[in-house]
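Shown next are two forms of a single protein chain, provided one at a time as structure tokens under the names structure 1 and structure 2.
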Structure 1
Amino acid sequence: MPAKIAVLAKQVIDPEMPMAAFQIDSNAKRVVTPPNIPPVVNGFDENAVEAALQIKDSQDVSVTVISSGSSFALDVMKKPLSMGADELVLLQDDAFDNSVDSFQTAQLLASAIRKLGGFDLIICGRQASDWDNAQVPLGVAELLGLSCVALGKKVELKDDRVVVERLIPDGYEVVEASLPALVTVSNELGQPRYPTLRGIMAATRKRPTIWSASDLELDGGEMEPRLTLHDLFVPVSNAECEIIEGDDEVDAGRRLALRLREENFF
């Protein structure tokens, strides 16, 4: 049996959008989806797809991408397929609009993973660039009782274990974990591959599996909200910048040094 790999990927508002387009609807306490800027697959999740495909490059494995949300841009969510993933499973329901509550998201994903018969290895991004929670994967690992290694920059699948180079503040450590395991990855993994023309064509033909709340075994208690959002606002910066000018740029650089000296910074 080929090993089964799942990648958990979230659709997010493009974090590279111009700051001017970033707006909050304070009544609804949510970030307004910018009208002319298409969403993207969360950047670190593309790294996760890449990590899975690197394993697939040399081993017989299947790669299933799973995403949960209330609505999807199908062409966006098909990108992992065009990069080379085999299958796409979308958990789509109005009730799955769960940006705040990582607990619910983890429950949904765990329940879909169970329904799919489990995986040997689950790869996730380190965090989603919208709510920066960095906790859904750890939750999925706990709910399913998997070994868990966070912040990978290299992931290798070896027989009955996964070997991960994991980032630590002053370098990295090599960690070995038993399967089934969940690993999160960071951008240090390297650029995700581009979709090939063949990949794009294959992806167009593939139909995602779509499950709504009624397809998943969710008991009420587990889906009870864990957090309450009271307010969402844009912080204001009150820094006043003193622009140091001079006769020319050489002079400005010199004056900057003098100014910092004057203020006793060095």
Structure 2
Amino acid sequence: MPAKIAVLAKQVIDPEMPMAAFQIDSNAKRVVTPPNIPPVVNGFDENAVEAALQIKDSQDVSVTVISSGSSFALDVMKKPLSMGADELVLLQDDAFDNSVDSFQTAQLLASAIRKLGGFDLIICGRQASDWDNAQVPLGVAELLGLSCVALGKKVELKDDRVVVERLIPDGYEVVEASLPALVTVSNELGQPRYPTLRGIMAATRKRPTIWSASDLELDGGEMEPRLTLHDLFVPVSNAECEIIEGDDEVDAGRRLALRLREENFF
């Protein structure tokens, strides 16, 4: 029986968009999605898709991509299918809009994984480019009782184990974990493959599985937010720069020291 791999992916606002297009709705405490700039699949999650597909290139495995949100751009979320993933499951409901609450998102994804019968290996990006919390994968592993190996740059399946080359500050270490397990990967894994024309055509014909809150049979306690967002704003910078000049380097240094003393820096 082929191994089952799940990839957790998130739709995010394009991090490469111009700063002029970035806006916050202060009343709703949320980032406004630019109307003329389409969202993208989180970059680290594309690395996770690539990690799963590298395993699929050499072994008989199935790859299912799972994502949670209040609304999706299907052309965007079908990109993993066009890269070579087999199935796409979207958890879509207005109640799933609290994307800042990592625990709630982890609850949703863990519930979907249970509903799908579990997986031998779950691969995630190290963090999302919108909030950069890096908490959801760890929460999913905890809720499902799985071993978690973080910051992988290479992932392999060997019998009933996953072998991961895990990044550390001065290189990498090789870690093994029994299956089922969860692994997060970083961009050091390598550039995600480009979708092929055949893959794009195949993805066009595939219909994603879409589940709402009722499909996941979640009770009120599981949907209760654990995090309250009190304010969201773009910080205002009032930094000023003063150029200290002198007749030569010694004079400029002396003038700088006097100026710093005036400001009580020493």
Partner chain sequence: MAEGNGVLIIGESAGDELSLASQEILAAGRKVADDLGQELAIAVFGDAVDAVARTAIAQGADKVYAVTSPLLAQFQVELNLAAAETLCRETSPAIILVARTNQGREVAPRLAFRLGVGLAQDCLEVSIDTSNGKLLANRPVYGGNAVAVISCNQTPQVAAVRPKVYVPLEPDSARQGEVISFPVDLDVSMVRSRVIEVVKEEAEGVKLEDASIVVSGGRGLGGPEPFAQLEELARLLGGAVGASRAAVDSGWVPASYQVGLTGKTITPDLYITIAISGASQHMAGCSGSKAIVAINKDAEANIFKEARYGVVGDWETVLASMTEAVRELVQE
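These numbers were taken from a predicted model, which means no experiment stands behind them. Residue numbering: structure 1 sequence, from 1. Rigid core: the largest C-alpha set superposing within 1.5 Å between the two forms.
Each of the two structures shows the same chain on its own, and it is structure 2 that derives from the form predicted on its own.
Across the conformational change between structures 1 and 2, the residue of 205, 238, 28, 194 occupying the hinge between rigid parts is 238. If you fit the larger rigid part between structures 1 and 2 on its C-alpha atoms, the smaller part is left turned by 51 degrees. Taking the core as reference, the Cα of residue 242 moves 6.2 angstrom between structures 1 and 2.
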